Each structure stands twice: as C-alpha cells, then as structure tokens.
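First, one chain by itself in structure tokens, the form predicted on its own.
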C-alpha cells in the first residue's frame, strides 16, 4: 500500500512537470528547469563546507534557449515518459532497458544515467522509487537469513555459499543473524578465497562484496543490514588508490549519486586494510610490491584534497599520504605469499582481534 501511494505521488509530480512545460511552450515561453546540485565532497579546504550534510550546494538551469541544453531536455523528457509508464504498469526496468528504447537519441548510456539522476532530483526521490533497477553484482554469504519478495535467502544453512544480493532491497524483510560482525571485501577473488577457506564457518560473520565499485543494491543492502543488526562492519580493499576510492564510496557515497548519499553511505564502516604499512608488518617481499603509475599518483593526489579527509577522516588521509610517499601498491592477494590461507587464518582474524583497523568517527 505504501509503495502504491508513493507511485501515485510520483505520477502526480510527473504530470505537473509535463503540464507546466507544455503550458510554457504553448505560450511561446522557454521553461526554465531548475535542477539542484549535490556533492559528497569538495576540495575547498579553506572553508567550512557542508558536504557532509548532503544539502544542495547550488543549482543548474536548463532552457531551450541554450542549444547545448536542447538535447539534454529532450532526453530528460523521454526518460520521464518511460518512468511514468513503469510506474503506471507497476513494472521494473534497468538503465540499459531504458537506453535501448531510444538508442539513436540517447547515443550513450551515460546520457541516460544523467537523466535518471536529474529526474530523481526533480521528483525528490531515490532511483528505486522510479522502478529503475540495476543488474545486481553484489554477493553475500555467512550467518544471515532474510526474505525478499517471498523468496527465502538462507545463508545460515550454508554459510560459505555465495548468494546474489537482491536488486529490490526495499522488499528485503525478516532479517535474522547470529553474526558477530560484517566484512566487506573489494573483489570477488578475495570473496571466493574466503569461501574456499570456509571462513564463515570458522568466524561468525557476514561477508559481502560489490565486485569492485559497489552498485546501488549492494550499498543499500549493506546499509540495511548494518542498521537492523547493529553489528560492527569492516572493509578490506587493495592497497592502492582505487581500493581506497571503493572504501570511500561505501563510507561517503559517490559523487554521481550525491543527492541520495544519505540513504547509501555507511558511516559505521571501519577500514580493516590493506594499509601501506602492512607490507612491512607482514613481511611482503619486494616482488609483491608494484610501483604506483602516473595515473595512480594523480588519482591519489586528487583524493587527498577531498574535504572529508581533512574534516572527518584525518587518519585515513595519513595512510593515503603514506601510500604516495612510499610509491608502491599491492593487492590483498599478495598476502598469499606466506600461505594460501594466510588471509583467512591470520590476517583478518588478528586485525579484528587486536583492533588494528581505523575506526569510524
């Protein structure tokens, strides 16, 4: 019932927007479409920004009077009509589905993605409220049981078996767990290593991977279980700028979907590793260390300017500075130089037990 009410409200807003645009055009006026702008961080370190509050930090005006805006408005209205159809018929579609409805007009998937984000801002809703869904990439295993759309996910019955994270996270109900903590790992290869080592049988935990940069369902699902289960949550990523950026995406949200960050970010997440100093502490040979590329250095330097590393996470900034100073990176799998199960048997358990991770603030 709540979902139907929300859909009706969105359909009403869509009708109001389209009628307003048509009314302006019929009277020979060019409508001014104002779209608020949001951000998860800035690089203006000399000011007291409000990025963490996720308030609008400006707006953009789209008008038919600007040639560069005409195509963008055309795309926005086409996508808006598709969203209207999805809501009216109570169907779901992916961003890719929407792209292929007008490929010659949209020309690129990123054009559709931007239009969807603009529509979410205009309608003041999240993407899933539009019945636009992602193709799920995330995986979960461990001491967890829940239902989604009438389907039972009984991870507890086989704690080392991977289950695909549901796309319709809003339908996840009746979450039950006897886990002691949640572990988020960057890559599927590390997730599979832990599964092969029977990690969840030996440790009462839940393990999640977004297979790289996490999609929206993975971030929504992680936030949901963290809030409902009130468990500590740790994140394990490669010791390189991309691993750090993935960690930051879980913690602060992505810039692309900054308007929805308050529903996607997980402030409780704690950085378990891998730290630059781990290469010395765990005795990684030089052959396991790779030099930072020019692109790695450029990305690291850019990330060091993000406001939250100065205001909220100075300890994270120090580790990132150390990565740049040392000039080398390494993958989590490099720890296998000691033994195939070193990650599962030694590294993760010892870090959690000894508290050698960087806490949330």
Partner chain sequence: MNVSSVQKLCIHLISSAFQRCRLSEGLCRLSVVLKSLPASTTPMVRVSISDTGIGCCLEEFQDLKYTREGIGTEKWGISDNEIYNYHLNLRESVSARRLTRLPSNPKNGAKFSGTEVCLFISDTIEALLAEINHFFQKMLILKIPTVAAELVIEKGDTPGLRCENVFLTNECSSLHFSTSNIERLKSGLEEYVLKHGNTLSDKCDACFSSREQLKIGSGVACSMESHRSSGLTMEAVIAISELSEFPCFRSCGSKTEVLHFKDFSPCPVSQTSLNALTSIDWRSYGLALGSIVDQGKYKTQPDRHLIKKAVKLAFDDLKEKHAGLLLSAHAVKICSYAPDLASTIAGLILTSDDPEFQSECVSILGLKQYEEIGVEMIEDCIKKKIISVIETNDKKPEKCKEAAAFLFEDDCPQEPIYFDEEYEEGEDFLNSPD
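Since we're looking at a predicted model, the values are computed, not measured. Numbering follows the first chain given and starts at 1.
Omitted from view is the form predicted together with the partner chain, to which the following refers.
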Complete contact of 41, 69 and 257 with the partner chain in the predicted bound form (any heavy atom, 4.5 Å): yes
Options 285-293, 213-221, 186-194, 163-171; stretch whose heavy atom lies within 4.5 Å of the partner chain in the predicted bound form: 213-221
Heavy atom within 4.5 Å of the partner chain in the predicted bound form - residue from 145, 92, 262, 114: 114
Position in contact with the partner chain when the complex is considered in the predicted bound form, options 247, 86, 73, 226, heavy atoms within 4.5 Å: 73
The partner chain contact at residue 242 in the predicted bound form, heavy atom, 4.5 Å: yes
4.5 Å heavy atom contact, residue 15 to the partner chain in the predicted bound form: yes
Distance check, residue 21 to the partner chain in the predicted bound form, heavy atom within 4.5 Å: yes
The partner chain contact at residue 78 in the predicted bound form, heavy atom, 4.5 Å: yes
Within 54-70, the residues that have a heavy atom no more than 4.5 Å from the partner chain in the predicted bound form: 56, 57, 58, 59, 60, 61, 64, 65, 66, 67, 68, 69, 70
